[in-house]
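Below sits a lone chain in structure tokens, taken as the form predicted on its own.
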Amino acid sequence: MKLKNKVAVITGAALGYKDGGPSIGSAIAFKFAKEGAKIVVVDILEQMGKKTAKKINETGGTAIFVKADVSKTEEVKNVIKITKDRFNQLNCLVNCAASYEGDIFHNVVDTPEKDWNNTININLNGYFRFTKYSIPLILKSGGGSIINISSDAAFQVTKDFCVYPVTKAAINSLTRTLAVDFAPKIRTNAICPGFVKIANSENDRTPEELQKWIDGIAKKYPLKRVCSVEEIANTALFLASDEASYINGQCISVDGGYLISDTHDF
């Protein structure tokens, strides 16, 4: 029970919106709950968010769901208020909610301004909002941990793919800034996954097409497979626990060695 008597707010923690399978956020929520944490499940997807909380409660854990759009300050503040009213403490914030939608697969000239602004408002400003309004409660609770889900995209350049990597690079910078500003009470780290097989990776592919696509990507990784959501959750659990008590300000790639290999093209 590495997180016994702890309270964690996890954004983007709804189950996968297409088939109800695990997302990165929900996998972290399940892992933390199994280790004793009380979970505040946050997502804009109400039905799937409630399912995450329900599954935790049905398996002996404690969870509540709070619907919130991370791009709206008042909704973010409401999550923290509910957390305080219900549990009177907050020990860990996991920023996971992100947008990968819109017309974003372009260079900076061709990216529509509305899609640029939307991506930044969710992926970066959403992290800012939740962090800003969580920190006072974390400090009042005696300190804790902030974990930002970033991406290996922060460290590499892919042609005609601009705004998403920009947000992830900014998240890494935010992580390091927080690590300096709020230590020693709060440790802040980022997880930078490579390709992760998640429920909503399906897009419009058939299951056979999806598997063929994933198998092709896996060949580019030294470990010859893609990452599971559970492996990201295991890393988050470590960072949230006392086992990582001297790890602060780190942006940890969980990518099977992809960044150090010579096969960076998709």
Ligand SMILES: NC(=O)c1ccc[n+]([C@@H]2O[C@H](COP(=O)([O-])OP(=O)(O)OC[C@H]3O[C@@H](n4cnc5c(N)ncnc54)[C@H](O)[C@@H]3O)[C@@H](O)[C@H]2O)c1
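Just count from 1 along the sequence shown to find any residue number. Since this is a predicted model, take the numbers as computed values, not measurements.
Although it is not shown, the form predicted together with the ligand is what the next lines describe.
Subject >> Heavy atom distance at most 4.5 Å to the ligand in the model of the complex, all of I44, F195 and I198 >> reply: Yes.
Original post:
in the model of the complex, which of 131 to 139, 176 to 184, 82 to 90, 67 to 75 comes within 4.5 Å of the ligand (heavy atoms)?
Top reply: Only one stretch passes the 4.5 Å heavy-atom test: 67 to 75.
Original post:
Considering the ligand in the model of the complex, which of S99, T111, N172, N125 comes within 4.5 Å of it through any heavy atom?
Top reply: Partner contact (heavy atom, 4.5 Å) among the options: S99.
Subject >> F155, heavy atom within 4.5 angstroms of the ligand in the model of the complex >> reply: Contact check for F155: no, nothing within 4.5 Å of the ligand in the model of the complex.
Subject >> Heavy atom of S150 within 4.5 Å of the ligand in the model of the complex >> reply: Close contact exists here: in the model of the complex, S150 approaches the ligand to within 4.5 Å, heavy atoms only.
Original post:
Quick one: does W116 come within 4.5 Å of the ligand in the model of the complex, counting heavy atoms only?
Top reply: No.
**OP:** Considering only heavy atoms, tell me if A14 and the ligand come within 4.5 Å of each other in the model of the complex.
**Re:** Contact check for A14: yes, within 4.5 Å of the ligand in the model of the complex.
Original post:
If we check the ligand in the model of the complex, which of the residues in 238 to 262 reach within 4.5 angstroms of it by a non-hydrogen atom?
Top reply: Not one residue comes within 4.5 Å of the partner.
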